[in-house]
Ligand SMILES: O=C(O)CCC(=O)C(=O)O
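This document opens with one chain alone, in structure tokens, the form predicted alone.
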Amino acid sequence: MTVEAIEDIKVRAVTQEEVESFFEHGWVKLPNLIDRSAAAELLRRAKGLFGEDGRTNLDPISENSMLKVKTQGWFRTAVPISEMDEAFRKLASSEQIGRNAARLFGRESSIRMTLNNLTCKLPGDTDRGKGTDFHQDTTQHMAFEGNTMNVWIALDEVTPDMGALEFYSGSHKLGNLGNLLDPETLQSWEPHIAKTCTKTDPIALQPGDATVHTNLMIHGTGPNLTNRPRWSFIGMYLPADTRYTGADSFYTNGLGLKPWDVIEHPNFPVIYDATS
């Protein structure tokens, strides 16, 4: 795939078996969601931004005031990558990704894209290769009335020792457990989580493979123990009829949204229209 052929980035449809697995476990692996040539082109573009080794123009880590932890220590990120590169924009706004999201959410709703980013977990000898603390995505997403889902696509091979994603299967059924990034909160829930959920092994992925998880899924990673960066694209999606809760959030602050109105804003475009 070349720069001139970015329109050839195709996303496959999810299967009924994958939908059922997602409902049961709260996450699902989607092999070959995009083909390897598309992943290779996206990886080439990602390295154009961050360098072959992922270390070009590293900026200082800053603390995220919402999470109260240095989440940028988990990986490098470019947000939104769709505004920096046309190929990533086409992927992030793919109608088929939206159609897949509707099936995985469980109803034929239109779908909005809310966020998309390029991530690069550097080798663990750096401050951008640490393990990702186990958490739910509820803290970040409290401005949205509905559930959200993250589509996580590997742009290069991800081996288990590279900080591959791990999930507590079934944890989405526990609801919002609060700020699990607070060690005391996580520790208080650990006996119940251990009794009701099954922790996966790190999920190995080939280029173009993906995982999808709900915002209620407890997930995290170990550190990147290799000498290779871990490259991925992440898109976040939600039903288009979701309303804004009015909560303070870096996703929505300053956009002029009104509490309990549907989230109509260019930052959150509808990528799949279920009525058309």
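As the structure is a computational prediction, the values presented were derived from the model and not from experiment. For every residue, the number given is its place in the sequence shown, counted from 1.
Here the subject shifts to the form predicted together with this ligand, a form of this protein not shown in this document.
**Request:** Give a yes or no on whether every one of N150, L165 and H213 sits within 4.5 angstroms of this ligand in the predicted bound form by heavy atom.
**Result:** Looking in the predicted bound form, the three residues N150, L165 and H213 all sit within 4.5 Å of this ligand (heavy atoms).
**Request:** Classify S169 as contacting or not contacting this ligand in the predicted bound form by the rule of any non-hydrogen atom within 4.5 angstroms, answering yes or no.
**Result:** Residue-level check for S169: no, no contact with this ligand.
**Prompt:** Hey, in the predicted bound form, does T132 get a heavy atom within 4.5 angstroms of this ligand?
**Reply:** Judged by the heavy-atom cut-off of 4.5 Å, T132 is in contact with this ligand in the predicted bound form.
**Prompt:** Within a 4.5 Å heavy atom cut-off, is D85 in contact with this ligand in the predicted bound form?
**Reply:** Flag for D85 set to no.
**Prompt:** Applying a 4.5 Å heavy atom distance criterion, does D137 contact this ligand in the predicted bound form?
**Reply:** The answer is yes: D137 has a heavy atom within 4.5 Å of this ligand.
**Asked** For the chain seen here without its partner, which of 40-48, 226-234, 239-247, 27-35 has a heavy atom within 4.5 Å of this ligand in the predicted bound form?
**Response** That would be stretch 226-234.
**Request:** Note that this ligand is not shown here; using its position in the predicted bound form, name the residues of 191-221 with a heavy atom within 4.5 Å of it, in sequence order.
**Result:** The stretch touches the partner through H213, H219, T221.
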